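Okay, so here's just one chain, in structure tokens, the form predicted alone.
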Amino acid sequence: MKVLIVDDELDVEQLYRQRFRKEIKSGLLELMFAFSATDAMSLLEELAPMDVILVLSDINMPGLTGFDLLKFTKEKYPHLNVVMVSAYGDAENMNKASSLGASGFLVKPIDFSILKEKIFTG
């Protein structure tokens, strides 16, 4: 299973790799990273999107936002689950994410037990 994580903060890669090290080592999970919405869009177009089971995207990024990525993903790959992530768990962001088709919303700092549940049980 591949999960695409999109965040402009480069240090999140180490955090996710550490939190999912057992799943990665066992071959159960493959993490891919994009550090902008534009990079994520390019990566999705290069991959067979059926290989990606989840896109986990930060909302606030320079240039295109996570919401822009969500719109793009839902238009091109409507089957793909997208979970939005933000340091701000306000109703406005949550409602916008939901109305654009996000399958979930997580507030930073991420509760990795909830994230693992979303990945492995849908």
Partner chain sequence: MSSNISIEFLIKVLRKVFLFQNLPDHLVKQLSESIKTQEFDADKVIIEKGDEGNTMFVIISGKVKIHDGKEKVAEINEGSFFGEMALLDGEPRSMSVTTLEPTVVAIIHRNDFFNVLNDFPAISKNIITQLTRQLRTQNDVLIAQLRSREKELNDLVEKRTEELANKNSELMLVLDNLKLSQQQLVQQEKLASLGQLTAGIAHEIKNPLNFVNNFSQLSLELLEEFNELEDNNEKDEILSDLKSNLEKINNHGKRADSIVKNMLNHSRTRNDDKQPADLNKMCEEFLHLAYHGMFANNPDFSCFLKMNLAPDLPKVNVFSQDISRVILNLFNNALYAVNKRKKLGVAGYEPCVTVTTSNQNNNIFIEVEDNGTGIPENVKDKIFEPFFTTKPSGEGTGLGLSLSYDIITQSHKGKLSVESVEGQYTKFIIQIPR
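Numbering follows the first chain given and starts at 1. Everything numeric in this text was worked out from a predicted model, so none of it was measured.
Omitted from view is the form predicted together with its partner chain, to which the following refers.
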- Within 4.5 Å of its partner chain in the model of the complex by heavy atoms, the stretch out of 74-82, 59-67, 26-34, 39-47 is 59-67
- Could you confirm whether residue 99 comes within 4.5 Å of its partner chain in the model of the complex, counting heavy atoms only? no
- Task: Answer with yes or no whether residue 106 is in contact with its partner chain in the model of the complex, where contact means some heavy atom within 4.5 Å.
- Result: no
- Query: Taking heavy atoms only, is residue 114 within 4.5 angstroms of its partner chain in the model of the complex?
  - Reply: no
- Residues of stretch 10-28 in contact with its partner chain in the model of the complex (4.5 Å, non-hydrogen atom): 11, 12, 14, 15, 18, 19, 21, 22, 25
